[in-house]
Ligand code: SOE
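Quick heads-up: it's one chain on its own, the form predicted on its own, in structure tokens.
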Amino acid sequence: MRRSLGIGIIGAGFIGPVHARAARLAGGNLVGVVGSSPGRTRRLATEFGTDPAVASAEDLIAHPQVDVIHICTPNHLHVPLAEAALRAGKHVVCEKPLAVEASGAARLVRLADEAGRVAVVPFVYRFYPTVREAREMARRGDLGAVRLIHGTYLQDWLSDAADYSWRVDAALGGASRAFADIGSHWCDLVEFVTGQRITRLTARLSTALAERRRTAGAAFTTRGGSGPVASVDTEDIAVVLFETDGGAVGTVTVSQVSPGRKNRLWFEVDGSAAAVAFSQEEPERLWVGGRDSSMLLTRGSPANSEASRRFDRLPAGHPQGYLDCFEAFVSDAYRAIAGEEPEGLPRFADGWRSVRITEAVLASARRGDWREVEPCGAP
């Protein structure tokens, strides 16, 4: 009988417990969790019931019972930790952005290939059943020729000068914040759905709040901190106009300073025959538009494709959400480790591509011009 996969998690902010929950639901055995300090690590060992002897990321990576390392740390640590885990023969689940520079992401893709390890990035919005249904519509040709891809990803958790996070600091989060953090999800999702690749773009970035009051710690907003006022060197807003290799044009607006918008990832794909739109805040339905009539397609409908039904965890009318997507993603990652080939699993190569798009956005914003998105060939 095959033993359960041994799981180690590095980083335990908002997303670490999400990884831990999904790992356990997927049948993993949580061996160790490492936090940002020795005290935090000891508390986590008690909370999660993991090995108290694990005192550091190095201990966890070297642990003989750990098969998979989940990396949930600030962005600047992703490459060194993933590299160490791959060199130790571990499979890796690394939060995005995979790296703050494309060269680091390419190195991780190469290492994962050389090590023969499964290495994945949580582009979990791919795992909504309605997203899979939209993808099947595009693949079957139901939309006709795709002409326009457009949408937004809007949040409000940094809309006040009293809001702070390590993500604001380029030394920890990278040169791009809003686009790398959430615009990357949007671009991955529309490329996944349409099968088309963004090849050329022009971008404008805006820092709405040039100063924030610094607070240590949280990945997401910490309000009312008592630290010094710090200059902000990452963007709050990104607006991108792009072209694809399939002849479509598109736009996306990304913001972390839009009051009232908690997590509005929305896209629409307009084809010559039909259009389809998805909203992450209302993920049980797809809007399908036609010249003579339009309809709402619900998750769980018997008419939906097998690609969609595979991710139905609950009967229709019982809402599924983000945690269900995360569980499905981790489950597929562990299936891949077991030797299966789950369709649509986002690998390190997808994370590398995302960093390439981010670098093109930054370069375009600096120069005010159009930029080609460099293809990801052999790393």
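All residue numbers are counted from 1 along the displayed sequence. Worth saying up front: this structure is predicted, and the values here are computed from it rather than measured.
Although not depicted, the form predicted in complex with the named molecule is the subject of the following passage.
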Q) Looking in the model of the complex, is the named molecule within 4.5 angstroms of a heavy atom from every one of Phe14, Arg167 and Asp181? A) yes
Q) Only one of 190 to 198, 256 to 264, 101 to 109, 138 to 146 gets a heavy atom within 4.5 Å of the named molecule in the model of the complex; which is it? A) 256 to 264
(Q) Give me the residue from Arg214, His185, Arg117, His150 that has a heavy atom within 4.5 Å of the named molecule in the model of the complex. (A) His185
Q: Please pick, from Lys96, Arg299, His91, Arg126, the one residue with any non-hydrogen atom lying within 4.5 angstroms of the named molecule in the model of the complex.
A: Lys96
Q: Mark Thr130 yes when one of its heavy atoms lies within 4.5 Å of a heavy atom of the named molecule in the model of the complex, and no otherwise.
A: no
Q. Might Trp287 be said to contact the named molecule in the model of the complex, defining contact as any heavy atom within 4.5 Å?
A. no
Q. Just to confirm, Ser308 within 4.5 Å of the named molecule in the model of the complex by heavy atoms?
A. no
Q.
Please tell me whether any heavy atom belonging to Gln155 falls inside 4.5 Å of a heavy atom of the named molecule, as the geometry stands in the model of the complex.
A. yes
